[in-house]
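Coming up is one lone chain in C-alpha cells, specifically the form predicted alone.
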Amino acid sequence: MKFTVNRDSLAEKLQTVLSVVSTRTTLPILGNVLLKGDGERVELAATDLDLSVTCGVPAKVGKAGATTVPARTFAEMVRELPEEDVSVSVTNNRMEIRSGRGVYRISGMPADEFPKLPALPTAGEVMLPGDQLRMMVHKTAYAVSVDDTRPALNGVLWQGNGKGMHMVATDGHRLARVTSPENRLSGHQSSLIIPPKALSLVIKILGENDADLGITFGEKNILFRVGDTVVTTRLIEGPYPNYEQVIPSGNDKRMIIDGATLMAGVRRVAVLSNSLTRQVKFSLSKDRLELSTTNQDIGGEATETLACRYDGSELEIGYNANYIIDILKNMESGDVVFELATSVSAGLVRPAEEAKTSEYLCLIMPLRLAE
C-alpha cells in the first residue's frame, strides 16, 4: 500500500478513531488502527469490540492495500510531523513514513487479523438534526449508572412512540428525562438502550455542527453517520426498568427559584460538606430557602439564605450537592421549579418555562439528614 496524504487531515481523523482504541486489552490488535487505501481515499477504523468508528481522509493512493499499526504511536508520530504532505508506504505490514527529510518506520499487524466491523444496511436510515440529539444527550447522559450489577441502567434509554421521542437515564438516586415532540423513531425499534460512551463520541464528532446525522437501527447494534464518519455500537440488552412508576404525581409543595443563584449557593456551601455524602440541607419556609452543611471531620459548617417563592409548610430535606448541580447545569430557563412532598420522598425539578422544542424533567432522591 502506498499513499500521500495531508498531515493535518490525517492527524484530525486519527484523533477521532483514538476515542475507541483500547488502552488495556488482552488483544494487541485492538490497540491498532486499521488503514485501507483505495482510489482517492484512505479509510481509518478502530474498535473495542463494542464500539467502532470509521472515517476517511482524502489521499493520493498509488497502491491499494490495508494494514494495522499501533494507533497511539502512529497518531503521536503524525502529530509531530511538519505541516506538509506525508508519504506512507507499507510492505509486509512494515510501514514507512516520509515527511520532509525525515523517515520513520513502524511495524504493524495484518489487516485480516482486525475484528470484522458490524455491517448495517443503509436502507431505512433515519435523519435527525444534530442539535436535537446533542440537546437530548446532554440533558440525560450524566445520570447514567456506573453500577455494573444492573447493566440496563448503564445506558441511556431512547424511546419512540406516537407522542414523540424520549431519552431517559437513571442510577437509582436520580433520573433525567427529556421529551421531544418529533418522532423520528417511528417504524423502527421503539425502545433502545445505548451506551453513553457511544453517544458522547457522536456528540464530540458533531462538534458545533447542527446538520442532520443519519441513524440506522440493527437488531443488536445502532449506527450513527456524521458526514463520512460512522460510529457503530452494540446496544445494551434490556429490559429497562419501568421508570414512570417512580415519578411521583402528588408532590404538592412548590419552590420556584433562580437556577443560577441556587447553583452558585450550593457550590459555595458544598465546599464544607462531607466528602463522601456531599450532603447539603435544604430548609424551606415562607419565601426562604436556607442551605446548610456540617463536616465534623474538618470542623466546618456553612449556612446561606436565598430568596425563593414558596408558601408550603416548613420542610427540611437533604440532597447530594453534586446531583443538584448536575441538574441545574442542564436547565435552560432562568427559574426552576422544585416539586416536593416530604423529607424522605423523591422530588421533581423542572424548568419554570418549558422550551418550545422539548420537555425536561429530573427526579432526585433525598439523603437521610445527618443528626
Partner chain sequence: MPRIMHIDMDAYFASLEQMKNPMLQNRPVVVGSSPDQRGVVSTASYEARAFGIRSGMSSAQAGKLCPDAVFIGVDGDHITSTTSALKTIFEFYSPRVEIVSVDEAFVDVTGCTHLWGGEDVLAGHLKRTVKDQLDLTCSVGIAPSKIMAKLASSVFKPDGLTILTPEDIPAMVYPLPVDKLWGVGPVVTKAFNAVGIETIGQLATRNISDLRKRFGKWGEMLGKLARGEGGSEILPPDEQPDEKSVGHERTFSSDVGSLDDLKATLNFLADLVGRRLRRHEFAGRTITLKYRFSNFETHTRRTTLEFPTDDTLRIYSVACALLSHSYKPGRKLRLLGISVSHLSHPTQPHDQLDMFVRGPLAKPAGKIDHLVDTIRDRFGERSIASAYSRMQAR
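Values in this document were obtained by computation on a predicted structure and should not be read as measured data. Positions refer to the first chain, counted from 1.
We do not show the form predicted in complex with the partner chain, though everything after this point is about it.
- Across the options 225 to 233, 254 to 262, 288 to 296, 92 to 100, residues that bring heavy atoms within 4.5 Å of the partner chain in the predicted complex belong to 288 to 296.
- With the partner removed from view, the residue among 213, 201, 266, 153 that has a non-hydrogen atom within 4.5 Å of the partner chain in the predicted complex turns out to be 153.
- Taking a 4.5 Å heavy atom cutoff to the partner chain in the predicted complex, the contact residue among 131, 76, 125, 171 is 171.
- Contact annotation: residue 344 falls within 4.5 Å of the partner chain in the predicted complex, judged by heavy atom distances.
- Residue contact with the partner chain in the predicted complex: residue 270 places no heavy atom within 4.5 Å of it.
- Residue contact with the partner chain in the predicted complex: residue 175 places a heavy atom within 4.5 Å of it.
- The shortest heavy atom separation between residue 149 and the partner chain in the predicted complex is within 4.5 Å.
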